[in-house]
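Presented as structure tokens, the chain that follows is alone, the form predicted on its own.
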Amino acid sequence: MSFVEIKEISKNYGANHVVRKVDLNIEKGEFISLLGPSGCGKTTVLRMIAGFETPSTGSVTIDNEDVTQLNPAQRNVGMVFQAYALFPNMTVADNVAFGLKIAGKPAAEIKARVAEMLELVKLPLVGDRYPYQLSGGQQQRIALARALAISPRILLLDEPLSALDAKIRVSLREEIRSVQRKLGITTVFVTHDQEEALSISDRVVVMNEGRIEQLGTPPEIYNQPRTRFVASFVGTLTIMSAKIVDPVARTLTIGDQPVKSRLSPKGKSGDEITVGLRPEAISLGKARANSNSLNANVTDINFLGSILRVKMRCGAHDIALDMFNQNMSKPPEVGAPVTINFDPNDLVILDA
């Protein structure tokens, strides 16, 4: 039995169906991210695990205990919010100690636990400060220390990094993952940032319109998207229509140009399907042995720092290609005809 079991939970507000029969099992010590656009239901799922929302249907079980009808204080979960939610009139030490004091722990135990938590989040010397005297990243680390101080069964994080600047986000997400691994605590992390989810998660749950579109490891989500939504939401993907020539031989045409795929497409000869290509999977140059090639024309070049994104027109499709920004490497000119190459393994066949 999984450590956390979510069975067919739904949440309705009148006629508005925010979450629609979500099933999810989370193993002990696992780091799971709920990823999706605003309004997809990911935060509502997290709040139902925490007890801040009661499911309209379904159940939530934590460590073999049905907690569906329990309030948050009865579930022993730690919650970190986007807006820190620190008490401004309390010192950092008192903020971290808050849950322990509510639980009636002895003063000596509280003092030792606060010191341990501040050391864990690498802020051992700020206990006597107030939240306003800390940076945003430091405040969020204190919020994390407070959530962990009570030794929760599960740690829940609701977009904890979205209010921070880019460099601090990267640093803090790595710290969160490091702390999680050190403690071995089961963690559910909500984000709309695909890079965050892919970089720190054991598994990623991609949600859309209240449902789970796909559940898998980061490489599975990125390299093997099962639906058009996942393919377009996670990473950059050129989505194209193709026609099946021979499903057994795995041959297709894009426009009037023949290509091969790694997987046999579902359908019969003449059927149209949807396929995708990642920018990093494409290279320029003459056709190589056992490689697919397409003729195209360059329409634009975008400078993105370490890479150049070359945009091309291939029949009715716009295709993007990424190449490293190297001083000695000159990109093709806008309007130039080019041949692009890609491996059959990199042609993603999307479910309808």
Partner chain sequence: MKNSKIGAWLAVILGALYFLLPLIATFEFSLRLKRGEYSFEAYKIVLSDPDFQSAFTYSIVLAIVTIVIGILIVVPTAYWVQLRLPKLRPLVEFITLLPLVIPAIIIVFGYVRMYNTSSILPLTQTALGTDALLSFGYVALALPYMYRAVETGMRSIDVGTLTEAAESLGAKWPMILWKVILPNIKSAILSGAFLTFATVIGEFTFASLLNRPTFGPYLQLIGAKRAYEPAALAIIAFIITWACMGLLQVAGGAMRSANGAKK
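Since the model is a prediction, treat every value here as computed from it, not as a measurement. Numbering follows the first chain given and starts at 1.
Unshown form predicted in complex with its partner chain; subsequent notes refer to it.
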| property | result |
| --- | --- |
| Contact test in the model of the complex: F98 vs its partner chain, heavy atoms, 4.5 Å | yes |
| 4.5 angstroms heavy atom contact with its partner chain in the model of the complex for P258 | no |
| Contact flag, I150 vs its partner chain in the model of the complex, heavy atom cut 4.5 Å | yes |
| 4.5 Å heavy atom contact, A242 to its partner chain in the model of the complex | no |
| Answer range among 89-97, 183-191, 265-273, 215-223 for contact with its partner chain, defined in the model of the complex as heavy atoms within 4.5 Å | 89-97 |
| Position in contact with its partner chain when the complex is considered in the model of the complex, options L161, I282, M207, V77, heavy atoms within 4.5 Å | V77 |
| Sole residue of A73, A249, A112, V170 within 4.5 Å of its partner chain in the model of the complex, by heavy atom | A73 |
| Contacts with its partner chain in the model of the complex - residues in 108-143 whose heavy atoms fall within 4.5 Å | Y132 |
